[in-house]
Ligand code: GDG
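A lone chain, given as structure tokens: the form predicted alone.
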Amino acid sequence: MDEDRNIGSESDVRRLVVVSNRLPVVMSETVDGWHVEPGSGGLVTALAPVLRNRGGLWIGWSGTSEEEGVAEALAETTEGVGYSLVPISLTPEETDKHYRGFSNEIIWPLFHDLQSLCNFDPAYWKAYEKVNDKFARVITRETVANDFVWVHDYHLMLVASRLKAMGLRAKVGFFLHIPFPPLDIFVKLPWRFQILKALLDFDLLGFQTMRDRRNFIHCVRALVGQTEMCGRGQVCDIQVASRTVRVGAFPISIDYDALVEEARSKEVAESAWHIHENLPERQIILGVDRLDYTKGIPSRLQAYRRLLERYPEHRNKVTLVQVVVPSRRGIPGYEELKTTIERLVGEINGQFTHESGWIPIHYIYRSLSRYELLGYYRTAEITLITPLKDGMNLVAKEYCASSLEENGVLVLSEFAGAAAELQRWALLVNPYDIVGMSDVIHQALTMEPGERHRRMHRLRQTIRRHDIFWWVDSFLNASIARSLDSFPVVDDYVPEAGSARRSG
């Protein structure tokens, strides 16, 4: 990506300062000192070229409560890359109550419409305030007036209000990677007014979809009042009292070209060959998810069982490979979810395992290497992305980009953020409709090759056009644009009338 294409002229923004809960590295302490490895993921891929050679900063938690030697190890890691990593240390108590507590026992379930799973412990709020204060103090110390500070995700929603109280003059943007809930869900948050007013202290707010942006504006109108809005495209301005806040929908994406190149590699081809050899003459259905109750894995397994019951012709001819990546150990409910998933896998395999050796579900509970993951993407004829709710879900986009032969079918939840962009060419499902999901999986399994190719080709075109660099460009351009006229309307997913499938 051209390093000069993203941030406008030097007079607009001198440096980009990225702020996230974690730094884009993994640190571990050894007998010889700190060992630092580069992190992975779309955010790192997208923002590293923008920061490089501009003297930019990335501020975040180092992953440890230790301070001695951490800054020096990070400086050595980034020597010569043109930007710096600024560590923040958190105590074990802060990590527990801010990250595991407020962020992941309150905001995560609430913003995914699962308020019954929330633990509204008042002590969590105090820790959340304290950690946001700590981040704000470091940002204030490290930045100057013409920097642009880009804060990421739900762990740091109070940062702009703290920066404002500390007198920081730099422009501050925020991007929410998870959904923003509708008003009737958001009002259940005991600290709803504090959170909403703190978000309005950012200069630019970014959401994954138009639905999320709309939910936020509804909450502002209902709870803050005196709100005027102009602009009807991707980005709009809302006037709250004497301030103008720019609010936009910026769907995050992947580095399409780099992923395609990886998928073409010899290592991935060998991985795909081994998978085919172990599961010969079968259509492979793939599910890849973190262990999380938002991903809808139990419902997906139940839909697969219904498929085998209602369409016996698929028995012995199809295998579901369900990969579950361990996640958030120590948070209540996750071990119980793991037990539920494994019980269902055992029941379904026990019900349908055939004398010929056919096993309906291959269950993998571990992280996959990059080559393994891309091998499964290339091998799977069908991928099931069926979350109960998701901010975006980049697995859907990675699978499509990896489908080099364009013969795969994407089955996608209506409630994944990716549905807004991919709805025309994916097969959409309601993850709460078990029978409806089984019918759509049958549709995918029996789809003609020409139809598969046509749909996947269009999916890949869409993702290539709106890649991770488009996402960065669109957000940063919104931060400096004087006019709203250049921003298009972004599609949103709305179920068509009469589209609901029968459940019996």
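Quick caveat, the model's predicted, so the values are computed rather than measured. A residue's number is simply how far along the shown sequence it sits, counting from 1.
Keep in mind that the form predicted together with the named molecule is not shown, yet the notes after this line are about it.
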item: In the predicted bound form, Gly408 touching the named molecule (heavy atom, 4.5 Å); value: no
item: Heavy atom of Phe102 within 4.5 Å of the named molecule in the predicted bound form; value: no
item: is_contact(Gly296, the named molecule) in the predicted bound form, heavy atom dist at most 4.5 Å; value: no
item: Distance check, His314 to the named molecule in the predicted bound form, heavy atom within 4.5 Å; value: no
item: Residue among His218, Arg370, Arg192, Arg343 with a heavy atom within 4.5 Å of the named molecule in the predicted bound form; value: Arg370
item: Listed residue (Ala71, Leu404, Ile178, Leu114) with a non-hydrogen atom within 4.5 angstroms of the named molecule in the predicted bound form; value: Ile178
item: Complete contact of Val325, Val395 and Glu398 with the named molecule in the predicted bound form (any heavy atom, 4.5 Å); value: yes
item: The named molecule in the predicted bound form: contacting segment from 118-126, 288-296, 139-147, 81-89, heavy atom within 4.5 Å; value: 288-296
item: Contacts with the named molecule in the predicted bound form, stretch 188-220 (heavy atom within 4.5 Å); value: Gln208
